[in-house]
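Below you'll find only one chain, the form predicted on its own, shown as structure tokens.
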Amino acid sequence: MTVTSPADAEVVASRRPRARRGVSLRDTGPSIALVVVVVVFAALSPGFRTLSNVQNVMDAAAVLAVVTCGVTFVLMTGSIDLSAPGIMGASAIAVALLVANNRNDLDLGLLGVVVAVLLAAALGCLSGLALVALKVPSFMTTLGVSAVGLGVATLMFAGVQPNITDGMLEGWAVDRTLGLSHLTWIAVACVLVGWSVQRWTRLGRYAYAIGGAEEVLALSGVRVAPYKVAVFTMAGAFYGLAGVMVTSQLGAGLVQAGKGYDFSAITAAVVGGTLLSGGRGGVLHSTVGVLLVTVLTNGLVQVGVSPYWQGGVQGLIVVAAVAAAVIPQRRRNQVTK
């Protein structure tokens, strides 16, 4: 039998990896980057640090924040959702035809908003059902559902643009409370609801688990498929509300109301620290990403950078964010021989 001396025991103990304390750079990095970007642009442009510009930034981030809430839950499960443009288009046209408008005599008011969001949730549910039933990559099923949503929106559009005359819906984009539009407060409410679902419900916990180790979760006796469908359904509801918000901003229902929001939301989520591979991040992380992307876009305009460069800058940021998230994982997964 080998006897270990106290000195040897101390050496062995010193070589053992110690548990990390506090928060990691991956969690605080996006927030630090947001502060740095704000400070830099505030120093470069006097117009950036005005109260009116802060209001503009918050208003510009509202719709993207709601879409990103839905995308975040899908990313947490390790899936990709590209259905936002089609679902937003369908809900935008639907709500424009259900509230007071120039196309028909309907005036359902808030009920029309609810129906439009339910239509979007149904399309999101279709994405989830197709994913679990067909067992094909999520980006393919959601891309197909996006096409379905655009088709439904085009049929409802019928060649005549519906302009809304509903005072309530128009007021969402115009009326302000504490200096911020009602759309911004709706976005804040969506972020709080999304965080609450993520933090306090079984759906939120299982969304993390599905993205982190779906096989282990299934072996523990949990039926994964219903939770995947629920995640896509909830995401669809967020997209639908975002489509309604775009209709409020434009005063009309457009088939292309959600154009580009899918990739913008994924960009914001990844920049904020939500991994494409799932199991890490969350609604608050993605919200920081939304603010970072919006502030960056606004700041580039304020300092006179050409809009043609803005897409390239955002692309570089996404690549850097993905690299910062993936490289530590690769190092951790390497086997030392």
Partner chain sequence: MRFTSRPAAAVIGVTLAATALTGCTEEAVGSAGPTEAAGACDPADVTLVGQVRNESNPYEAAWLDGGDAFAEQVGLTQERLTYDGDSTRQQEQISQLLAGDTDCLVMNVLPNGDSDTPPIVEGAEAAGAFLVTQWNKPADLAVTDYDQWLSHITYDGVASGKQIGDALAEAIGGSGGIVALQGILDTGAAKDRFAGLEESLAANPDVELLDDQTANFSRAEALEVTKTLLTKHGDDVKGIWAANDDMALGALEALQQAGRTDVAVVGIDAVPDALTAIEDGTMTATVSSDGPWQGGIGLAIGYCVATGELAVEDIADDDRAWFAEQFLITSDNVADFTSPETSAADFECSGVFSRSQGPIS
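Because the structure is predicted, anything quoted here is derived from the model rather than measured. What we label the rigid core is the largest C-alpha set whose atoms superpose within 1.5 Å from one form to the other. Positions refer to the first chain, counted from 1.
Below, we turn to the form predicted together with the partner chain, even though it does not appear here.
Taking non-hydrogen atoms only, residue 249 approaches the partner chain to within 4.5 angstroms in the predicted bound form. At the 4.5 Å threshold, heavy atoms of residue 174 reach the partner chain in the predicted bound form.
Proximity of residue 163 to the partner chain in the predicted bound form falls within the 4.5 Å heavy atom cutoff. Although the partner is absent here, residue 37 sits far enough away that none of its heavy atoms falls within 4.5 Å of the partner chain in the predicted bound form. Proximity of 28, 31 and 221 to the partner chain in the predicted bound form is absent: no residue of the three has a non-hydrogen atom within 4.5 angstroms. With the partner left out here, the partner chain still marks one of 93-101, 150-158, 225-233, 121-129 in the predicted bound form; by a 4.5 Å heavy atom cut-off that stretch is 150-158.
Residues of 30-62 that come within 4.5 Å of the partner chain in the predicted bound form, judged by any heavy atom, are 52, 53, 56, 59, 60 in sequence order. A movement of the C-alpha atom of residue 52 falling short of 2 angstroms is seen between the shown form and the other one when the two forms are aligned on their rigid core.
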